[in-house]
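Shown next as structure tokens: one chain only, the form predicted alone.
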């Protein structure tokens, strides 16, 4: 008999949806939206529905595997864990714990997924990754400006007179916000979309502003410059609640509006119109993650923050420089979960440059990599170097549901349970502020085990099993320790299935910022403490005609690698009913210039690598722009990260995946001469 349970989406996504999951005879057979969820209200995306296929696919890893003479062989859990723990002990004794690298990403956002950190800290502290492929530069930027990265509550956009969606296709990545935008428009709000690609969100906008990829910071500076010229700035906010404005004003005086127009490829008159729109308060800004994936990415977000400050749209209803909402995750007691005080040493590589760091590592060299919640051979930039680095390490352990590109290279592959096969709490630090409960609904297939079981068993073998001697309820209670004063308990969340967390829905409304000065900082003291001068800058992407004209002559087109519509990064490509293939989307001017037709087979390349795919012409994309969705596996023609750079953003904590110039040609014509 079918039974329907309330559950939650585990994916690292803006929306963090409530689910209704149908189970029949111990098997998940259907995933729907929960109509009672206060934010997601019964609607979910295709990625969420794909969790049924992800749970039930015949391609699931069922048993521990060990590579012997280049071939995977099934082994027992006991043997796998014994051997891995013995390798770890030997490495620790000979090289120290830092010879182990933990390569971790954020495929799923369960609170208890963070217990991997507890294991590695109890081991003595391993080489860890810092920064983020997704959003690290922007997070750090807002910490420099505000002291932290906070966003307004989801419904506050209904208080906006004007809404600026900047570099963010919410129809693909944040569907419930898309619906709220439609509601806001019906109430009279005006919607403006700024993006290099004319996307479905742009279709419902009152105005679409097409911009040269990577030049968003210059546009923000241009709007700020025009606001000052026209006397539209909020002098009360600037005089009372900010520091360093004079330096920013001087920076703007050093560039003309015409220069900014040429750089951004946005008409000067449009920049002037936007200045009036920002002055017509309340105006809210909703930023995407793509425009901070450049060498100048942190500064780009800071310039947009500065625009919100100059216009006085900070700390008011219907305003905000909305990028991330870290106050949601700050509700949980991660320090107690992770036991960071147990480290005896520390070494960090950035997630972007982990491959180069692995190859260069001395004192100690990396002797083992353990991969959790990620597929770095597909997702980390400059894939050829990543492959070389991972092949150079004597021991590679991968914990996953499937035989990914990374798992194929492993010495040991450990089969993990999916979200419906374990209990956890889920939330998003990007959009709404509800924590959702995900109960265990079914048993894992074969011998697959929850991550927590794997860490517990390894901890026993390593001699610190008592640090993992807790029930799942006790772990959850530990994570909620900070919320006890608000009456939020594990029992309450289990009963309600979703619980509102105590956050400020209008951040900075008291005009008290978490910066060293307590004010909004145009010149960042935190930046200065980290070795930067803290000043705002007018800086270019590393790969652009402005910063590298010779490279731009060789590779004249900007490559974007946006989030796929049907897969959470690389997670679902192998589950599609129709085998996926690389689609190369190119602006119409490129096709016209090169004589390319819809459906042509094309090659896209640069000095790092090449990828082949089928051409799709984007009729309204900004000129000289190409997109190839990220995440596709090597067996389907990927990864697009064969082309992308492993460089670090200006503040060191973000990727520069979009800072990528390429060339393109028809491939059938090229191969015909061979």
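Numbering follows the first chain given and starts at 1. Being a predicted model, the structure only gives us computed values, none of them experimental.
Only in words, not in the display: the form predicted in complex with a small molecule, which the text now covers.
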*Using heavy atoms only and a 4.5 Å cut-off, decide whether all three of 237, 315 and 328 touch the small molecule in the model of the complex.*
no
_Under a 4.5 angstroms heavy atom criterion, identify the one residue in 233, 400, 521, 543 near the small molecule in the model of the complex._
400
_Candidate from 225, 295, 143, 113 lying within 4.5 Å of the small molecule in the model of the complex - any heavy atom_ = 113
*At the 4.5 Å heavy atom threshold, is residue 305 in contact with the small molecule in the model of the complex?*
no
*Are any of the heavy atoms in residue 34 no more than 4.5 Å from a heavy atom of the small molecule in the model of the complex?*
no
_in the model of the complex, residue 451 touching the small molecule (heavy atom, 4.5 Å)_ = yes
_Heavy atom of residue 644 within 4.5 Å of the small molecule in the model of the complex_ = yes
*the small molecule isn't shown here, but in the model of the complex, which of 492-500, 212-220, 505-513, 527-535 has heavy atoms within 4.5 Å of it?*
212-220
